[in-house]
Ligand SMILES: NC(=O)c1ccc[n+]([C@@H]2O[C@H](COP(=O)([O-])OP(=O)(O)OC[C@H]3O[C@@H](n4cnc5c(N)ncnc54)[C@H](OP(=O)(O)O)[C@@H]3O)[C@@H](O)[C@H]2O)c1
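The chain below stands alone and is given as structure tokens, in the form predicted alone.
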Amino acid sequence: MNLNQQIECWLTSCKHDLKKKDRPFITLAYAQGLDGSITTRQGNSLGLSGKHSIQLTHQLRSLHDGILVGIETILADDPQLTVREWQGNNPQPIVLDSQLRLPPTAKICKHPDKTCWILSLSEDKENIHDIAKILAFESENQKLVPLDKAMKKINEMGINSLMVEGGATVITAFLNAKIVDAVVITITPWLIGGYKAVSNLDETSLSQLPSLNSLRYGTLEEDLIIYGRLKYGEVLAC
């Protein structure tokens, strides 16, 4: 069994083990350099993954009902968020965009078979309803979409599994919310010295920080793939 098959079997088993929590099973998947950087600076696009790692990313997309990125990723990378390098269905594209900054020219607005969902704090923007479905939430923090409410809502709308690709602000927010169930990290052989994937986690005690349970790993060309169930302290997320 090759690494792609191993990861698919493992992820399928994890999703079957999920206890109902009124939210999707959430997989965090992203690529970083050896030093934990995902790009040289915030807002800059830097392709890190090799060909086979990109195929793995598209395979992971095909194994989830939805895929979520933050608006900064849209503005920097303009991703399609479709399955092109693997056989499988496209997941539902979802953008975390509290201030409705999604440009109508973004590739995600021209998705081949799905209308993009936007998780936001507002639904008042001219013409945005023509290109996306807005899910607006009330929040005490006027800058951040409440992830608990947002995840419950998309679960009610049929998203039972969600892949979160980034960027750094989104990755950190999901980890702080303690709702990530599984992690697949591609570590590339680059020392970038730039913008890190994870920052400012709320916990200050090492024993309470998120960590991988039963860490697994393998290689795809020059990239190291690390994956596992996530736990917070001694408690598994699922």
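Keep in mind that this is a model prediction, so the values were computed, not measured. Throughout, we count residues from 1 along the sequence that is shown.
Only in words, not in the display: the form predicted together with this ligand, which the text now covers.
Contact residue in the predicted complex, from 198, 209, 173, 212 (heavy atom within 4.5 Å of this ligand): Contact residue from the list: 173.
Scan 26, 60, 67, 31 and let me know which has any heavy atom within 4.5 Å of this ligand in the predicted complex. Looking at 26, 60, 67, 31 one by one, just 31 meets the 4.5 Å heavy-atom criterion.
Decide yes or no: are 38, 76 and 167 jointly within 4.5 Å of this ligand in the predicted complex, with each residue judged by its heavy atoms? Verified in the predicted complex; spot residues all in contact, yes.
Tell me, yes or no, whether residue 143 is in contact with this ligand in the predicted complex, where a contact means a heavy atom of each within 4.5 Å. Contact check for residue 143: yes, within 4.5 Å of this ligand in the predicted complex.
So in the predicted complex, does residue 187 come within 4.5 Å of this ligand, heavy atom to heavy atom? No, residue 187 sits far enough from this ligand in the predicted complex that none of its heavy atoms falls within 4.5 Å.
Give a yes or no for residue 180: in the predicted complex, does one of its heavy atoms lie within 4.5 Å of a heavy atom belonging to this ligand? No - in the predicted complex, heavy atoms of residue 180 and this ligand never come within 4.5 Å of each other.
Is there a non-hydrogen atom of residue 54 within 4.5 angstroms of a non-hydrogen atom of this ligand in the predicted complex? No - in the predicted complex, heavy atoms of residue 54 and this ligand never come within 4.5 Å of each other.
What stretch, of 145 to 153, 108 to 116, 130 to 138, 85 to 93, brings heavy atoms to within 4.5 Å of this ligand in the predicted complex? Every other range fails; the passing one is 145 to 153.
Heavy atom within 4.5 Å of this ligand in the predicted complex: which residues of 97 to 112 qualify? Going through 97 to 112 in order - heavy atoms within 4.5 Å of this ligand in the predicted complex - the hits are 97, 98, 99, 101.
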